[in-house]
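What follows is a single chain, given as structure tokens, in the form predicted on its own.
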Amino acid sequence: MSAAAPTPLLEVERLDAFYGAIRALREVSLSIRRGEVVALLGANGAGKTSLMRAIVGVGPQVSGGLRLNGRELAGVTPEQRVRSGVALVPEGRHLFGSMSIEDNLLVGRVGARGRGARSRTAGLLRELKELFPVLRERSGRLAGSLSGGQQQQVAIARALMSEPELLLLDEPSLGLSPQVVDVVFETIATLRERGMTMLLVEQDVAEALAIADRCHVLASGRITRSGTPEEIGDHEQLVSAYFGAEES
């Protein structure tokens, strides 16, 4: 008798999301297994960020199933979700520009408690300074003085300070030059090699398809197509989702 398939790290089942009377998501269902990188593709306004916000518990009112490690997230506060293993790198980074890089990183450890928390925080800072040289070279500088690409690396590192099982990346290449985009995706590739599970929202379709294990195309709040990058990449529905030919 074959063994049962392991429980997905994240399960989204027939999820609806509302901002007042506006319906942002319509019966969205997907799952993410441990170690996977799953990409969400679609035009602006398709519902990608709304799904990210629903997972971390901020923003829209939701109905439907949303489970992390088999635990239903309904009624679980955003702070509790972070402690349960979810971290978001938001669109636009949202760093504290008047604080140092290191203080921005420590924001990601606000919920850390218990015996050994201080030494673990110090260990994480050392590890992340190895992964992101800018943290080591400029740790005392104000976050607001950094370039966009450097700020994106700080934002990713801040999320990693909470030691997430699931990392949500919302438009990590937004507003960056092509050369800096390459650096950011090299970092994401490194995290993937280390086994980090990620849900990636990204307008740069080529970069997303190059790094993802599976993809979902969102249009008008619905998933219109799912598959591997090879299955998704040349399909006309991907073009339709970005240029508005898809029926709502």
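Values in this document were obtained by computation on a predicted structure and should not be read as measured data. Residues carry their position along the shown sequence, with the first being 1.
Quick note: we don't show the form predicted in complex with a small molecule, though the next part is all about it.
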Legend entry - Heavy atom of E102 within 4.5 Å of the small molecule in the model of the complex: no
Legend entry - Contact flag, A43 vs the small molecule in the model of the complex, heavy atom cut 4.5 Å: yes
Inset, instruction - Flag E127 as yes or no: does it have a non-hydrogen atom within 4.5 angstroms of any non-hydrogen atom of the small molecule in the model of the complex? - result: no
Inset, instruction - Give a yes or no for E91: in the model of the complex, does one of its heavy atoms lie within 4.5 Å of a heavy atom belonging to the small molecule? - result: yes
Inset, instruction - Could you tell me which of 63-71, 31-39, 177-185, 44-52 sits within 4.5 Å of the small molecule in the model of the complex, going by non-hydrogen atoms? - result: 44-52
Inset, instruction - Go through I232, V12, A24, L9 and name the one with a heavy atom inside 4.5 Å of the small molecule in the model of the complex. - result: A24
